[in-house]
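Below, in structure tokens: the form predicted alone, a single chain.
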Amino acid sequence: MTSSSSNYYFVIVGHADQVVYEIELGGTTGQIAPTTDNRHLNQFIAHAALDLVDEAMWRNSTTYLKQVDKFNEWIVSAYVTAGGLRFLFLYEHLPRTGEDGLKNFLTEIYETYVKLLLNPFYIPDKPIRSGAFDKKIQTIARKWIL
């Protein structure tokens, strides 16, 4: 298991609060982190933060909501798309590129998601099960947060 300072959890939450995509990132390679006992805790923290994300999106006119919640050592930052999807990012310490790097990471993932929406075989709000999408997320993570 990698050190706690380099473990991250990213989830895309759909319109009906269902998980559309999730990935645990860690280490210095940008690879999917090994499954840990924290997986259920990460899901719980992310879903508990959804109400705060909904409140914050009505108070702010920006898509990047920064830190919206904190649970023990885990911090939750959020990005809300124009279509209402919520991108949640859980971390214990800011990524190496800081707050701007996190914003760029989420923005670039949104651009990748929009490209996925252009695929006529993808149904919006359905779980994303694409190896190419996983690789793209890992590449973006290496660029901005790991």
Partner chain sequence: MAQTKKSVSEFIQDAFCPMVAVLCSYDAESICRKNNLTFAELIQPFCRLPTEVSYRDPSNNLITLKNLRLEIKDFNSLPPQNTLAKKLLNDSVSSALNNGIVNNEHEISTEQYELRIRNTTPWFDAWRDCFLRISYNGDHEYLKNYLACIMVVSTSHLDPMDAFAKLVQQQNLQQQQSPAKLPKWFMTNIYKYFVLLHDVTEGEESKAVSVFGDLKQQYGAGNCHLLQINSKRAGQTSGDTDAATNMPDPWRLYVKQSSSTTQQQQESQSISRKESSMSDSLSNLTELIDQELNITTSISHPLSSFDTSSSDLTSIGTTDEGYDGSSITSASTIIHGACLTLSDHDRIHVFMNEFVTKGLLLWVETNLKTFNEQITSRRGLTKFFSMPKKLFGSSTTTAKNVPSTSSTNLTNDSMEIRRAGDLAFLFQNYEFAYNNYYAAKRDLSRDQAPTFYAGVLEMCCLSNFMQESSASKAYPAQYMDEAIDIYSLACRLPIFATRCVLMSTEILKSREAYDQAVQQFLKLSQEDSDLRGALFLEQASHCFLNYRPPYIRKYAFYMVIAGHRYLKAGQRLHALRCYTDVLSIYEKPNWSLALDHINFTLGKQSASLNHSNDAIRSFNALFAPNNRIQNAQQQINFFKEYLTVFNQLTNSQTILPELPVPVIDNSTIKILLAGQQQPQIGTQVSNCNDFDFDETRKVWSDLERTITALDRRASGTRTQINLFTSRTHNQQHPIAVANETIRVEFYVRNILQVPLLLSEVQILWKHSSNSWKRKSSVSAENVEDSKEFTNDTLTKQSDEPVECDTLTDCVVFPNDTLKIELSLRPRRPGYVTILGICYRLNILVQNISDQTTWPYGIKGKTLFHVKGTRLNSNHKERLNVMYGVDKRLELQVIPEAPLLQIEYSPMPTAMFYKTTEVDEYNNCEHCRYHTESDYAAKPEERQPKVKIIVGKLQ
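This structure is a prediction, so every number in the text was calculated from the model and none was measured. Residue numbers count along the first chain shown, from 1.
Below, we turn to the form predicted in complex with the partner chain, even though it does not appear here.
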query	finding
4.5 Å heavy atom contact, Lys115 and the partner chain in the predicted bound form	no
In the predicted bound form, Met57 touching the partner chain (heavy atom, 4.5 Å)	no
4.5 Å heavy atom contact, Asp134 to the partner chain in the predicted bound form	no
Asn104, heavy atom within 4.5 angstroms of the partner chain in the predicted bound form	no
Whether Asp17, Ala48 and Phe71 all lie within 4.5 angstroms of the partner chain in the predicted bound form by heavy atom	yes
Sole residue of Gln43, Thr63, Gln67, Thr97 within 4.5 Å of the partner chain in the predicted bound form, by heavy atom	Gln43
